[in-house]
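Take a look at this single chain in structure tokens; it is the form predicted on its own.
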Amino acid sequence: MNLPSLPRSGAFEGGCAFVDGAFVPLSEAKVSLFDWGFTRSDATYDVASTWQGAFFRLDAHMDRFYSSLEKMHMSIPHTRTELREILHGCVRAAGLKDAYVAMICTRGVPPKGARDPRLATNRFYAYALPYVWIASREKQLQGIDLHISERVRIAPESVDPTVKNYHWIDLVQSLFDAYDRGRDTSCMVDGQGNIAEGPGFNVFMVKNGVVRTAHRGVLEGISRRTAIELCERLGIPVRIEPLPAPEFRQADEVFLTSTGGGILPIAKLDGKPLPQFPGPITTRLYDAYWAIHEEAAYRDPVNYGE
């Protein structure tokens, strides 16, 4: 497929989308009311980021996106090289150095009266907007209070959590559980009472110098992967295993991982201060996470045409 010429840097100040084969301002990015991505949440997506003018681990995000497309029986009319050009183009056109960059595929609109998803033409969208933080720097310094919701996360036997998707109703309801109790955000448990994940992030605990995170029923986040790899690099013991909620409540340190903030230390669990905030291991990983952004192997600089 022939792509349009890359827009000039800052052509669409504040954000840019790629829709119907063209770069457009965010105000012109639209999805049909009849797209199954809207009516049935039949979609998959991925979110990468740029920091100080370069994508971080873009190849890993594209790998996961194409894997999700295959698992969802979807396809996009773009090669991997073209996808990279589109994502770079969105950031360039928005003139953003620090950006939140999404790639999305929806099922599309099937023929009138048809209920067979194979008959729908899949739709591809992408956009870039200013970097999104799960919690502001001020809130991070003040201390995030994490609520452990008793709501049960959708079972992996029902919806494959390794496919990034918009099945967020349980996650959103868990947020209301948190807000009703005066907490900042939430995480959920699985059917066995183990800590799973939260809305847009993975969860880690530290106990007696050992880092632990859930082994199943969660999105295998790129930031999660980075944290695990940094533990191995720094010689910090890490285990991927069940996290029973009672054990989680006894953690020395807790942190979250997400593209929207990297490594985020937690100060309280349901209003109870953790023994260490920010803990020494979380602090080491936090510093290492942002330092690794400068390593050439993880950087994909954007050409702003300057």
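The model shown is predicted, which means the values in this text are computed figures rather than measured ones. Numbers for residues come from their place in the sequence shown, where the first is 1.
If you look for the form predicted together with a small molecule, you will not find it shown, but the lines that follow are about it.
Each of R64, G221 and T257 places at least one heavy atom within 4.5 Å of the small molecule in the model of the complex. Note on contacts: among R92, R107, K164, R183, the single residue with a heavy atom within 4.5 Å of the small molecule in the model of the complex is K164. When the small molecule is considered in the model of the complex, only one residue from H88, R123, R153, H147 comes within 4.5 Å through any heavy atom, namely R153.
For the small molecule in the model of the complex, the listed stretch (75-83, 111-119, 187-195, 165-173) containing residues with heavy atoms inside 4.5 Å is 165-173. The small molecule is not shown here, and in the model of the complex it never comes within 4.5 Å of any heavy atom of G143.
The small molecule in the model of the complex is approached by N202, whose closest heavy atom lies within 4.5 angstroms of it.
At the 4.5 Å threshold, heavy atoms of Y45 reach the small molecule in the model of the complex.
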